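In structure tokens, one chain follows: the form predicted on its own.
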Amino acid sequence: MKRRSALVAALVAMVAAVVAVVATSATAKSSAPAAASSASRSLVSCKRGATIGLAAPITGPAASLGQPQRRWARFFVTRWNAKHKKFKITMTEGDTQLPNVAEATKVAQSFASNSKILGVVGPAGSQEVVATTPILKGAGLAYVSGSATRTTLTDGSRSGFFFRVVPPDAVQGPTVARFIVNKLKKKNVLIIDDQETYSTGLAADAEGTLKNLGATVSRDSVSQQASDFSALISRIPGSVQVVYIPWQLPPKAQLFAQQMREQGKRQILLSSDGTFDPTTYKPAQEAYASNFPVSAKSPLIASYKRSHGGQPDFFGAPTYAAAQTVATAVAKACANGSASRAEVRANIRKSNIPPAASVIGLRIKFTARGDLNGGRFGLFKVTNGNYTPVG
């Protein structure tokens, strides 16, 4: 009896083990990567045209940056459709409301579930890219940003899915640092980050180069949600020559500049691409800002200004390049009347748009990890809302 019980127990254990293996195998087969693979390969009919998505902060705290991106993206679609009568681009817009990543994930989910969307322009913010990656990548969608600069976004985990037409902060930070030391001839710098991933990463990139160049660097930090910087400003030492704020919201940077002025602080104020907004950020003191590569002499800039009240909206210009990249890849994939998201990703990876056709003035070609080949940043002097290139 005991031997029979032992035998039964052993058989039960074996069956349980087999069931567990089968269950594990079934779970693995029904996991997200398998679903992503299916969505990635699904063909969409696109003989006469195709749909792309735009993820941008159209409203919210960063709307002054998102609106230029939206206008430049729409400008691209208008020009494309006027030229390509037999293959029209339709753009579905999603409002990410940066820095609210919850809204960005909602937009990503809506794009992922819309089988017509073959590629995405955006998201704008680095933290949005991080938050939406599992969704967009899981749906097999390629996404090309015109403003996300955090260096680690192209660390390899998004290769083949995420691309950007602007250089990373590994380029921006050192560019700013060299400008401070070599051009401004200053060597005592205070860096204040706004505690967001974009800001802290850029601050670290600048700090490292500044120290290598022999500068004295101090650090401080403030919440992106803060609305009163008086206490922070009051503790800025008189020995500090340059205050660097790699922030993301132009209204916050403008408020900081005003409160610096009110306290009689005369340090040079230097900010990043996230504050590059002539309509909002207009510091009264000596100030500079870095920004993406844009070909100021491009006929595209002149044409855009003519149709937008004379405003160049430089911050949004790279989003035109992002839309151009996605649409060009989609059109190639649709040459036979249908396309998959996987085909679009492959075409984006092989992008090679010449400088003459690019608003950024550089060839749009990507490294294996999705960075723009040969990207660089420029510096602008900010005087009462006028942004003049200085380096």
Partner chain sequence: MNLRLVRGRTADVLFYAGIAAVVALLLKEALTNPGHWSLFFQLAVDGVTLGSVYALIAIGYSMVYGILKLLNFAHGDVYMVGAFIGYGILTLFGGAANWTIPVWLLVALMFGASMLGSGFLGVVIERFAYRPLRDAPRLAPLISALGVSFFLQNSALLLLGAQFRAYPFGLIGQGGVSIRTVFISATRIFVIAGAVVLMIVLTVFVRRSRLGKAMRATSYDREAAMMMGIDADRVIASTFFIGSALAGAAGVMFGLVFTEIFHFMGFTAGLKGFTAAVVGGIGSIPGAMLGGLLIGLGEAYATGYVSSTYQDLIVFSILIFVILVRPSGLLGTAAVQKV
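The structure presented is a predicted model; accordingly, all values stated were derived computationally and were not measured. Numbering follows the first chain given and starts at 1.
What follows is about the form predicted together with its partner chain, which we do not show.
Taking non-hydrogen atoms only, V222 approaches its partner chain to within 4.5 angstroms in the predicted complex. Contact annotation: K85 falls outside 4.5 Å of its partner chain in the predicted complex, judged by heavy atom distances. Not displayed here, its partner chain is approached by S230 to within 4.5 Å at the level of heavy atoms in the predicted complex.
Using a 4.5 Å cutoff between non-hydrogen atoms, K252 counts as a contact of its partner chain in the predicted complex. Out of the listed residues S64, S40, Q324, N347, S64 is the one that sits within 4.5 Å of its partner chain in the predicted complex by at least one heavy atom. This chain is drawn without its partner chain; in the predicted complex, the residue among T209, Q241, S159, Q258 with a heavy atom within 4.5 Å of it is Q258. Although the partner is absent from the chain shown here, none of N188, S295 and T383 has a heavy atom within 4.5 Å of its partner chain in the predicted complex.
Contact with its partner chain, judged by heavy atoms within 4.5 Å in the predicted complex, is confined among 266-274, 314-322, 230-238, 136-144 to 230-238. For the partner-free chain shown, I58, T59, G60, P61, A63 of 47-63 come within 4.5 angstroms of its partner chain in the predicted complex, judged by any non-hydrogen atom. Whereas the shown form places them at one spacing, the Cα atoms of S64 and Q195 lie at least 3 Å closer in the predicted complex. Whereas the shown form places them at one spacing, the Cα atoms of Q127 and T279 lie at least 3 Å farther apart in the predicted complex.
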